[in-house]
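In structure tokens, one chain follows: the form predicted on its own.
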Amino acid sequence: MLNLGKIILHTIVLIGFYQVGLLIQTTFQLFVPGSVIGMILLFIFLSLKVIKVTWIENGARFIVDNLALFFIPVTVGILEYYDVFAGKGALLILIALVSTMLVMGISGATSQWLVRRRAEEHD
């Protein structure tokens, strides 16, 4: 029961950052999504040690562990717009595959570069 309470509190903190990001986005009419602003704020607060990782760790882990469930509404939403995607399926699959390969390749190259750089610093 105590762990469930921690998950709820940690998730509330994360939702708070999201809501503050939305408030900033709507107040200043920024083109950057409020969720991204909230994530940047969370990063800044964590970097400056204003909040501790332990204050959000269980909630973040719960969200990541159940991430697949959050994509179900998106998939159902896409099915409602079938007529928009009809006839363009092959092109959309090609775009999805190419973009996925690019993201994987760039992410892998970046992580390898960071590992090499860290190894050189320790030598």
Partner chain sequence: MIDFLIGIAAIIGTCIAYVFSVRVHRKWNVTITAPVIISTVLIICVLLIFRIPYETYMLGGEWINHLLGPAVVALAYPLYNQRNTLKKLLVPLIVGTTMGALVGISSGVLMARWAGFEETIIYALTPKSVTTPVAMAVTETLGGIIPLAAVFVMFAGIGGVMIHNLVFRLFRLDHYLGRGVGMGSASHAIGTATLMEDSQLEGSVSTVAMVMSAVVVSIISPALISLLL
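For clarity, a rigid core is taken as the largest C-alpha set superposing within 1.5 Å between two forms. All values reported here derive from a predicted model rather than from experimental measurement. Residue numbers count along the first chain shown, from 1.
From this point on, the text means the form predicted together with its partner chain, which you will not see here.
Not displayed here, its partner chain is kept clear of residue 29 by more than 4.5 Å at the level of heavy atoms in the model of the complex. Within this chain, residue 23 is remote from the site of its partner chain in the model of the complex, having no heavy atom within 4.5 Å. The closest heavy atom approach of residue 115 to its partner chain in the model of the complex falls within 4.5 Å.
The closest non-hydrogen atom of residue 9 lies beyond 4.5 Å of its partner chain in the model of the complex. The partner is not shown here, but in the model of the complex the stretch 36 to 67 reaches within 4.5 angstroms of its partner chain through a heavy atom at 36, 38, 39, 40, 42, 43, 46, 47, 49, 53, 56, 57, 60, 61, 63, 64, 65, 66, 67. For residue 48, the Cα coordinates differ by under 2 angstroms between the shown form and the other one after the core has been superposed. Relative to the superposed rigid core, the position of the CA of residue 89 differs between the shown form and the other one by 2 Å or more. Annotation: Cα of residue 108 displaced by at least 2 Å between the shown form and the other one, core superposition.
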